[in-house]
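Take a look at this single chain in structure tokens; it is the form predicted on its own.
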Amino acid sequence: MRSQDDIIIETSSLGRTYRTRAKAEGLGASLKGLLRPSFRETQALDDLDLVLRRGEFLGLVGPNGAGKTTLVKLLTGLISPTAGSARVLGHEPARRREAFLSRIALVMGQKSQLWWDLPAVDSFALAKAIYGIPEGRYRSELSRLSGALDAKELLERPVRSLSLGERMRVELIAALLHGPELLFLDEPTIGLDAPTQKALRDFLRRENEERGISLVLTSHYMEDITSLCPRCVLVVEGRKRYDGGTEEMLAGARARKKLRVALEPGGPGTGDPGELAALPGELAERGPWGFALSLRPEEVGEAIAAVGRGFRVLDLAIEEEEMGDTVSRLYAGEAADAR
């Protein structure tokens, strides 16, 4: 039976409102705005309750702009709440106390914590000094992590010379060197190829299962969430819409596939929208390059055959639907016929 001490994240009615100055059009209105500025408020997160227990691997999912990154920033203390409260590892994150920061880590797929022009190992040395990591432990963890992530040959290279996948590997090393109890990952696999995504997922699973680190992951990739997170929280328009088992949530909305079709210039389908209307699925994208269809899994074969018959195709690609699109359909009236 778990005790209250197992709870490492607890929020109550947590909310965050952003207040921005409204910019008026025209010179006169702009001058008036200097004297009497008006402001616009945006509710990024509203009335969110959350409990995370030690050792859990939690997925945060939802459409773009739903409030996932705002929640991560609140839980790591990067921003302060405008309503409600949060306790993480017994601390108020917004106070940014050393005793709190030394027990967490944050990796953001689109932002680097490493010095761009220096080798990654120089940034690691800085982290060693900041966190006061003993020399023996530092050497041991660096060897373990660089071996587990197949990154030993990357440590002496300038970060700017690394590929996106290589940079993400050294970012994870930097985040984990000080031995955090709680790791936040905001879109860590964005833009990575499939083999690199799988390697990072395998590594994160081992860290959770073998070393007991707790993780909170936001991702738009279906495979990230379904393979790593037994539990997920769905956030839509700043509010929590679901909190429970990942498999149970996805049982109501099967993921779609996206068929991306690149066409020969000037061929069928590049000009008349009516040529696309008879194809299976729904038209998801259209441009000078071609089009993309949103398809149920059972429609993919039929769609490929129809495209091959009616269009001069340069290239075909099948992509996974983003997690945010899948779970959003649960609340857009499609759950019933998606079963």
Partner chain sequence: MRGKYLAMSRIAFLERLAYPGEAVLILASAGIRTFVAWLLWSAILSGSRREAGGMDLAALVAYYLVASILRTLDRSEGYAWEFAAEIRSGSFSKYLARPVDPARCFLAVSAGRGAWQACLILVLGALAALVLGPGALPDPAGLAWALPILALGLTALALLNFMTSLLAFAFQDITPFHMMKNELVNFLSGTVVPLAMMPPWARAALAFTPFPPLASLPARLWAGEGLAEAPAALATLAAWVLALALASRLALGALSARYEEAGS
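Quick caveat: nothing in here was measured; it's all calculated off a predicted structure. Positions refer to the first chain, counted from 1.
Beyond what is shown, the protein has a form predicted in complex with its partner chain; the following relates to that form.
Although the partner is absent here, Asp122 lies within 4.5 Å of its partner chain in the predicted complex, judged by heavy atoms.
Not displayed here, its partner chain is approached by Ile130 to within 4.5 Å at the level of heavy atoms in the predicted complex.
In the predicted complex, its partner chain sits within 4.5 Å of a heavy atom belonging to Lys73. The closest non-hydrogen atom of Arg160 lies within 4.5 Å of its partner chain in the predicted complex. Annotated contact segment (heavy atom within 4.5 Å of its partner chain in the predicted complex): 114-122, selected among 114-122, 162-170, 208-216, 193-201. Checking Ile225, Leu149, Leu101, Leu176 for any heavy atom within 4.5 Å of its partner chain in the predicted complex turns up a single hit: Leu101.
Between its partner chain and the residues Leu145, Val236, Val261, Leu106, the one pair within 4.5 Å by heavy atoms in the predicted complex involves Leu106.
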